[in-house]
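What follows is a single chain, given as structure tokens, in the form predicted alone.
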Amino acid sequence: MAKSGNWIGAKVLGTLAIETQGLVKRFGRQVAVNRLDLKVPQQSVFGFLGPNGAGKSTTMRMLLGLTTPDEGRISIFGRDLKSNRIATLSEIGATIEAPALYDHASGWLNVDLTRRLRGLKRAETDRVLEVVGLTPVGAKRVSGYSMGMRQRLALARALLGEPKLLILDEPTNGLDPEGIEDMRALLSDLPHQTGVTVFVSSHLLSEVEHVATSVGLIYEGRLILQGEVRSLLSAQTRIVFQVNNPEQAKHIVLARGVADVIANADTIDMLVEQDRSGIAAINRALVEGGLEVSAVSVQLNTLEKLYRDTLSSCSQWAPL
């Protein structure tokens, strides 16, 4: 699973919003993106996650036609990007890196200038400002905007023309907790409100976990995991049993076929299928084995923990 980046969760039906096959990008001897097979379902909020330098920005630049892959194929809504570049890119809105805004101009004018360059109807400016909740401050100069308002304004420009796909680079970067909360709510609502697919990159796994319906985790240019957030986090969970003889308890649990059991000073912890009947069966086996179980706790999975656990299992990558 970790090496292939196979999809985890319900089977993706129909045409994918984004699909890459064997995507590779090199800069000299450095391999920035390494055989990436990405699958992004339509009308999802897809979190593209990984540490700084993992290859997220390079991948997004290839998806937007700003740089050319050395190997591999990119398909957007079932169309090959290389042979359908203009038509495909016309259906994509994006913000990459820090948004460039005219501070001396109003928020409305910032959006309207882009609207004019694209030859869209005047009503588009008012529509996108309403979508991102900036209509009440549209006449205000951008120099007086908070960081959260500036990020929303950049998002409004990306929404011009009703794109089918939004590609957003670190949209919560630099925001305070209130701004992050507002951006979360906005991104979560966009697929329902407009039908758009949202592809959002971030190195903050805990933040994207609140908004993404599916994710891809990338490390050193390789996709190590992808799938539905719900399926990834519910497949297994860590259970801790407080017992009077942890070593004996460990042997009992291992005999039941449970792997990755750790004995501590007065507890054992393990990964099990998140199933109440399975947890109850382990508890029963421990008691029937003559042990005293004084407490049972469930440590819910998180994307951050899943990412670390997956990396620890990737001790050696296959070479290019």
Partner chain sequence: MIGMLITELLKLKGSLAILMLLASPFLLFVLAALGVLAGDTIPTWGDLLGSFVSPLWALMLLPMTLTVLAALLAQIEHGSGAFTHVFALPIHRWAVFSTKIAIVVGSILVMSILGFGLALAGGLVGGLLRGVEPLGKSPLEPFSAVMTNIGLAAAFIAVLQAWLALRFRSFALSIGIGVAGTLVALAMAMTRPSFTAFWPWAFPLGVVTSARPDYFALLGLACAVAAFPLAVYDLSRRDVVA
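Keep in mind that this is a model prediction, so the values were computed, not measured. Just so we're on the same page, rigid core means the largest C-alpha set that superposes within 1.5 Å between forms. Residue numbers count along the first chain shown, from 1.
The discussion below concerns the form predicted together with its partner chain, not included here.
- Using a 4.5 Å cutoff between non-hydrogen atoms, Arg157 counts as a contact of its partner chain in the predicted complex.
- Heavy atoms of Ser90 reach within 4.5 Å of its partner chain in the predicted complex, making it an interface residue.
- In the predicted complex, at least one heavy atom of Thr114 sits within 4.5 Å of its partner chain.
- In the predicted complex, at least one heavy atom of Arg61 sits within 4.5 Å of a heavy atom of its partner chain.
- Out of the listed residues Pro51, Gly289, Gly278, Gly65, Gly65 is the one that sits within 4.5 Å of its partner chain in the predicted complex by at least one heavy atom.
- Arg141 is the sole member of Arg141, His210, Lys82, Arg230 with a non-hydrogen atom lying within 4.5 angstroms of its partner chain in the predicted complex.
- The candidate stretches are 170 to 178, 93 to 101, 126 to 134, 185 to 193, and the one lying within 4.5 Å of its partner chain in the predicted complex by heavy atoms is 93 to 101.
- With the core held fixed between the shown form and the other one, Leu120 has its Cα displaced by under 2 Å.
- Remark: with the core as the superposition reference, the CA shift of Ser106 between the shown form and the other one reaches 2 Å or more.
- Annotation: His192/Gly138 CA-CA distance longer in the predicted complex than in the displayed model, change of at least 3 Å.
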